[in-house]
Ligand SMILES: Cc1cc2nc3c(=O)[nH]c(=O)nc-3n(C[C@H](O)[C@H](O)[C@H](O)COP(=O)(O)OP(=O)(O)OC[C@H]3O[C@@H](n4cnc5c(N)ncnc54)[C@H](O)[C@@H]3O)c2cc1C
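Below you will find one chain, with nothing else, as structure tokens; this is the form predicted alone, and questions on how it binds or moves follow later.
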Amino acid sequence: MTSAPEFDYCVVGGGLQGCLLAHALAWHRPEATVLLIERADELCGNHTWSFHETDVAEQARSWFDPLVTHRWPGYRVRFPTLSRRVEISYATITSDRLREATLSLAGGAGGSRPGRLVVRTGESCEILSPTAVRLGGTADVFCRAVLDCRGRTEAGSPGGAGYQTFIGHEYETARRWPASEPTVMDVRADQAEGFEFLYELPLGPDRVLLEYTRFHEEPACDESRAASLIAARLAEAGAGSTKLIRTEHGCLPMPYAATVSREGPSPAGGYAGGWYHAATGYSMPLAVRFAELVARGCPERVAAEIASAAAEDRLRRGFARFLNRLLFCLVRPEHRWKIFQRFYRVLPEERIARFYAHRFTFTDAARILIGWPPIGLAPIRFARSFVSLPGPLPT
């Protein structure tokens, strides 16, 4: 016999997806009771999530906008033979801000607001069914719907995927930082070892995040290379003495294998459920879309509605994986940067915006592929990639 539900929703995982979902539920269903469970000692980890403002639909702005920490009217990209300012508003949410806002929603770091959100951190959780979880290996909690927002697992490496790895250092500088807008890709470094670039976010007149990013077949990131390029940028900018505030790092899979539906007792968001942009690594567009989808529906139908939305988006997800296959299996590593330079050279801003927002059209997809790729082909390797995969990837 099933016990009466203690909560309307149990959200397992207190990272980006889980916390966004908590805020969406609080806005759209203020009467709903929500249990947010995170196995780490605190929510959200240590991250900076950036996105194009056009990634977020207008219907989500009421609850989403208060979470944004920094906004810029545009950003730059720099390649060996192209420098462009993209006039699409760009923004960032920090883990500190998202954590603070979520705990405030729950009534403080250690408490809860009855009838709304309860946060449990440092707690192991097993999902038993679509309506039940087990906390700490002993206590069963029943609800109307369980949402798995734990993200991708770290154990093992998926087959049929490349990787986007990054190491970011946030600095306080003695002198004013010379740039007032982000540089999303600075690809002026030597590309002999593959596609790598610096990502630059000016967070204030004397504060900047410099992030080394590498696209590679292996998930490892070269820390010495990152330190070298970051130091060179600090010197170029004339930053003077610097104080390292924090460091973040990560590894995002860029799958190109065919996917199958994820097996699990409850519907999943974020990386675990395939709710991320496979060709860019950007999490925000689909994480917000998932949160809106769940919060606007009813708990008993949430699994069916999530499955239906994923099915409707399957062609875009498939195209994103196809782009990854082209990048990692067709183009030699030293020429990969030319693909991205071409993307920013030929696409107008409305197509760029739709692509990053994961709302691109068939015509947008065709325009991205026309003329692809310029040089550095490895067509035999590309053909083999279709027959040498260990199997489909779960989403």
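So that there is no doubt, residue numbering starts at 1 and follows the sequence shown. Here the structure is a predicted model, which means the values were calculated and not measured.
The form predicted in complex with the ligand is left out here; the points below concern that form.
By the 4.5 Å heavy atom rule, the three marked residues P5, L147 and P267 all fail to count as contacting the ligand in the model of the complex. Remark: of stretches 244 to 252, 74 to 82, 176 to 184, 215 to 223, the one touching the ligand in the model of the complex is 244 to 252 (heavy atom within 4.5 Å).
Using a 4.5 Å cutoff between non-hydrogen atoms, F360 does not count as a contact of the ligand in the model of the complex. Within 4.5 Å of any heavy atom of the ligand in the model of the complex lies no heavy atom of A24. A residue is said to contact a partner when one of its heavy atoms sits within 4.5 Å of a partner heavy atom; I37 meets this definition for the ligand in the model of the complex.
Among heavy atoms of L16, some come within 4.5 Å of the ligand in the model of the complex.
Taking E172, E123, D96, E305 one by one, only a single residue has any non-hydrogen atom within 4.5 Å of the ligand in the model of the complex, and it is E123.
Taking a 4.5 Å heavy atom cutoff to the ligand in the model of the complex, the contact residue among M284, V133, L198, A320 is M284.
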